[in-house]
Structure formats: structure tokens, C-alpha cells
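Single chain ahead, written as C-alpha cells, the form predicted alone.
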């Protein structure tokens, strides 16, 4: 067995361990009686042990893939996204030993599972780096970004737990609507995994040529029926579905097609869950947060941001601009990825201002933490998959 195969097997072990730990954490929290933590203390130890085994396997995946590729495994969507899931779990493990809160694991681990499952839908073959990435700045810039985003995602998990506790799912309100919208967005990720797996298993492929933004002819292979066509597309595969809409050269129609298919399938899954359980997903999770300490969740969310924000500043802005100057002879170029990194930074800067200057704590702080995670995910999914730019190799 070579290192590449070993790394894939270790990632699979990590995924299974996280899945098992999720159910154990959930059972530990659900087994608590009102105002007691006996079940959580007993089964929480089992759950964190399984999580540690999974995290060790995850680290093993990371370093064996590094050995197989000869560079830090952070150069494409598969590698970056799996690293994101790993740092999220790593951050949770540290917080668990500080605060002994099992309910955080019940939220963090499923999100990490979705992130790793999302990553698995992208090509995972070991390939040489393109010239632009053959530099030590790859590890410096991208590793600090992925560590920062993993820590910032912890704040969103704590915020989500806070909101599940304080928002009444039986009472119609804007808070109930937006909380359920968050649950819906998580199901959309499941939709992406389902639809990608289905068309991959069926072996669907459709080839087209198109004219890119440089007015050059290029080719694209769709992995699912093309809802959107590339600029001035021409079908090469006989019997391929004709795209419903042609997009401008700036938009990557293949990736936009993937997003739309994911939304369609995810929406169907969401309503199936609603029909089966006859209640909102947020209402299904409500019993798990009955013993949550709101002040503790607020503190965890805040501490995660004051740690993650300066690391993000270094990775996404300072190190990124130094590398941009070296690679492209300019510090800033308004590339879509650069713009969204700046938006993310400004948002968390505003969070700290509102928290420290205006006293936005508790529920307001929780909403901001969750919105911050939504911005990070938009950058990861929409900006990477739909909008073409200098970072499109990711």
C-alpha cells in the first residue's frame, strides 16, 4: 500500500470515528435528566475517546498525503476542505477538555462530517503543483487561513447551540425563520453529497467546448446533467442534455450546475425530513439543549473569535498580500477570493466592535457568530465553485 492509499484509508477511519462519536455525544446529552449531567459525564468520556481516535487518523491522513504529494496538502478544494474539517475537530477537542461540554461535540462533529463529505466529492488524485503554488507560501498562507476558519467555525457552533436553546420553535418569529434557514442550509450540503454520489455511481459525463474569458476555446466535462451552459458552448457528447441557460464567461456554468442540483436535491431531502417527523429540524434538536449553560456558550463563542480573528488577519490578509506581491507583483487585485476574504475580515472586526463597544452579548452575539460562518461557507462554496478568478485553481 502506497502513502496515497494509506492517507485515503486514514481519512475514511476518521470519518467513521466522527460519525460514531456524533451519536455517542447525542446519546450522552439526550440521556441527561433536566438539570443533571450524569449521562453526559459517563458517555461523554467514551465519545471524546472515539473523537480522539478519529482526529489521530485525520492527522495521519494529513501527513501521509503530505508525504505522498511532497507538499502541504492544501492546494485544491479536496485538500483544503478536509483540512478545514480537521481544524474544526481539533478546536473542539481543545475546548472539550477546557469546558467538558458534550453538546458542542453533538453540533461540531456533524458539521465536520458534512465538510469532509463535501470535500470527498472533489477530485482527490495526487497531482503535481502548478507553478504558481510551488512555494513555501502555500503552507504558510493556506494553513493559517484554514486554522483560523476552523476556530471561527467553533464560535458558530456555540452560537447555534445558544439559539437552539433560546428560540422557541412553537412561536412564529423572525428568529425561528432564520434558525430553520440555517438547518435547511446544512441539509443542502447533504443534497450536494447525495447528488454528486448518484451521478458519479451512474458514470454520467457530458463534454462541451466553450469560449473562456480570455476569448480562448476551452473544454469542460460535466459530471451531472448541465442546467447551465458555458459561454458559446458546443456539445461534444451525443445525446447530452441541452443546457437551459447560457452563462457569461465570468461564471463557471459547470460548477453553478452542481450548486443548483444540490439545492434541488437538498430541498427535497429537507421537506422529506419535515414530513416524516412532522416538525421543524430546530424543534427536533430542542430536547438536546435543555441543560445548556447559555453564559458558557456565549463565552466559548466569544473566545473562539478573539483567537481566530488575529490568525485570520495574518493568513488571509498579511501573508496573502505578501504572496500576491511575490507571485503577481501586486499586493491587492480585487480578485473575487480577495474581496470575500476582506468582507470576512471586516465582518469579524465589526463583531468585536459591537461586542466590546456596544455590549452585544448573548443572542445578538450568537446570531453574528452564525452569520460569520455563513460568510466563510459562501467563500468556500460559491466563490470557489461559481466565480472565476485567479484562485480558481482551488
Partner chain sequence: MENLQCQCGHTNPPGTKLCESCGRSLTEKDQNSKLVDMRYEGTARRSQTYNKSIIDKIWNFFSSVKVGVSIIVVLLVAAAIGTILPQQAFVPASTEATIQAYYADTYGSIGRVYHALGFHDLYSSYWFIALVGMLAISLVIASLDRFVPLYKSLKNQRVLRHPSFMDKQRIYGSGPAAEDTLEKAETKLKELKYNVRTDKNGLLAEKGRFSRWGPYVNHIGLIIFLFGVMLRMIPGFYIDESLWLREGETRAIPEVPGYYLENKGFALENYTGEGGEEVFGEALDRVGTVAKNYQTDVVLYQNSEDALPGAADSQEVVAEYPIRVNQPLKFDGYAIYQMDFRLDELKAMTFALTNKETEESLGELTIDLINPVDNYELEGGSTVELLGYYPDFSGFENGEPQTATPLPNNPGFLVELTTPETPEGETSFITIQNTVEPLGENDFKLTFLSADTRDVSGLTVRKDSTLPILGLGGLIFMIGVAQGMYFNHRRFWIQQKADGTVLLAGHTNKNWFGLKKDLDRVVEYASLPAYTDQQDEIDKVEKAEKEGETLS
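Positions refer to the first chain, counted from 1. Note that this is a predicted model, so its numbers are computed, not measured.
Another form, the form predicted in complex with the partner chain, is not on view; read the next lines as being about it.
Residue-level contacts in the predicted bound form: of 250, 240, 284, 268, one residue has a heavy atom within 4.5 Å of the partner chain, and it is 250. Only one of the listed residues (350, 59, 52, 46) places a non-hydrogen atom within 4.5 angstroms of the partner chain in the predicted bound form, and that residue is 350. Taking the partner from the other structure, the partner chain in the predicted bound form has a heavy atom within 4.5 Å of a heavy atom of residue 336. Of the heavy atoms in residue 295, some are within 4.5 Å of the partner chain in the predicted bound form. Looking at residue 66, you'd find every heavy atom of it more than 4.5 angstroms from the partner chain in the predicted bound form. Although the partner is absent here, residue 42 lies well away from the partner chain in the predicted bound form, with no heavy atom inside 4.5 Å.
Figure note: of the listed segments 252-260, 276-284, 305-313, 225-233, the one touching the partner chain in the predicted bound form, with heavy atoms no more than 4.5 Å away, is 305-313.
In the predicted bound form, the partner chain lies within 4.5 angstroms of at least one heavy atom of each of the following residues of 308-341: 309, 310, 311, 313, 314, 318, 321, 323, 325, 326, 327, 328, 329, 330, 331, 333, 334, 335, 336, 339, 340, in sequence order. Panel note: the distance between the CA atoms of residue 172 and residue 359 is smaller in the predicted bound form than in this form, the difference being 3 Å or more. A shift of at least 3 angstroms brings the Cα atoms of residue 359 and residue 167 nearer to each other in the predicted bound form than in the displayed structure.
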